[in-house]
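This document opens with one chain alone, in structure tokens, the form predicted alone.
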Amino acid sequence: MPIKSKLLALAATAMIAMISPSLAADWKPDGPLKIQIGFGAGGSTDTMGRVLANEMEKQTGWTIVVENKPGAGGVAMFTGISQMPANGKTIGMGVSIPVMVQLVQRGDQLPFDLDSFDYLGTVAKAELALVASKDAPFDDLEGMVAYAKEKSTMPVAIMAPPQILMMKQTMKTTDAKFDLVTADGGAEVMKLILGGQVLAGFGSGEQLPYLESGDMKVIASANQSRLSYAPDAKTFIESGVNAYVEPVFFLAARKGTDPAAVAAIAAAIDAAVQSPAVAKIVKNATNGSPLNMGTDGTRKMMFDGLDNAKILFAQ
């Protein structure tokens, strides 16, 4: 990041920090506040975003409209946000890792970079799992690789670029072949698994009801550490594949948004994240607790994560 850009970013952060609580409280959207979600309806990001929006609306009295804008793991939605007027009327909710990977792989082709946004906060950090139907003829990643080799290939559902990279790294490391089937969000991944169109796929929380009912099983943790709800399932790294992701659900607005608007929206997000309703949906979606890193923490998470993605996912 150029020194000039860093200085501008620090100056903007300092301006936001100096906004008094009363000034932030005085700001309200000029009409409905749109929250665009970078994934399809029914998935983890969508369900958390809708509950968050509902809590923000109840607590602030604002009118909040939720729109689904799926495509390229949230990149399509953030592309639109980056080209909108910075008027505080539209914010985006996405997941960190897909955006970082796209910036690493084709950042010169995208109309935005991480400096294109004012960061508003986070909702949660996801645990990403590779899951399969209960009847799948394997129970772990090593078994899945062996099965794919035996059958020459096998279908795996993915919903975002990082999962493609993880499976490519798995193929590169093991010489197994996998047919990657792109799904429009985690809910569709679950449908593909249950319908038998694929044998395995990735879930960031959508799989939890099916694990509880016994209809699915965990094959591997895609995080750096084992899953809190499946501690016996090894990570990709433990299975010999040097790949992992740590997805964080975050919100951002177009860079240059009125600092009073940034402060007010960030405060509304923070209050909503602390509500019992958001705690419940985060628990249901990720089996974890809400996590708001705030404006500065979210920005740091994104920039630090991009540096890490350059090392992990540049292929």
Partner chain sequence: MRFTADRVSGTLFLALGLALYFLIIPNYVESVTDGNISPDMMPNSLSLILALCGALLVFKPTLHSTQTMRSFAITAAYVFILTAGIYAMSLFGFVYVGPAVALAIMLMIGERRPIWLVAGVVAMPALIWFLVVQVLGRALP
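Between two forms, the rigid core is the largest collection of C-alphas that superpose within 1.5 Å. Just so we're clear, the structure is a prediction, and the values are computed from it rather than from any experiment. Residue numbers count along the first chain shown, from 1.
Keep in mind that the form predicted in complex with the partner chain is missing from the display, and what follows is about it.
No residue of the trio R226, K234 and S289 has any heavy atom within 4.5 Å of the partner chain in the model of the complex.
In plain terms, the part of the chain that comes close to the partner chain in the model of the complex, with a heavy atom within 4.5 Å, is 102-110 out of 83-91, 102-110, 133-141, 116-124. When the partner chain is considered in the model of the complex, E67 lines it closely, a heavy atom lying within 4.5 Å. In the model of the complex, none of the heavy atoms of K28 sits within 4.5 Å of a heavy atom of the partner chain. In the model of the complex, none of the heavy atoms of K255 sits within 4.5 Å of a heavy atom of the partner chain. Along 147-177, one residue reaches a heavy atom to within 4.5 Å of the partner chain in the model of the complex: K168. Comparing the forms between this form and the one not shown, the C-alpha position of K168 differs by 2 angstroms or more, with the core used for superposition.
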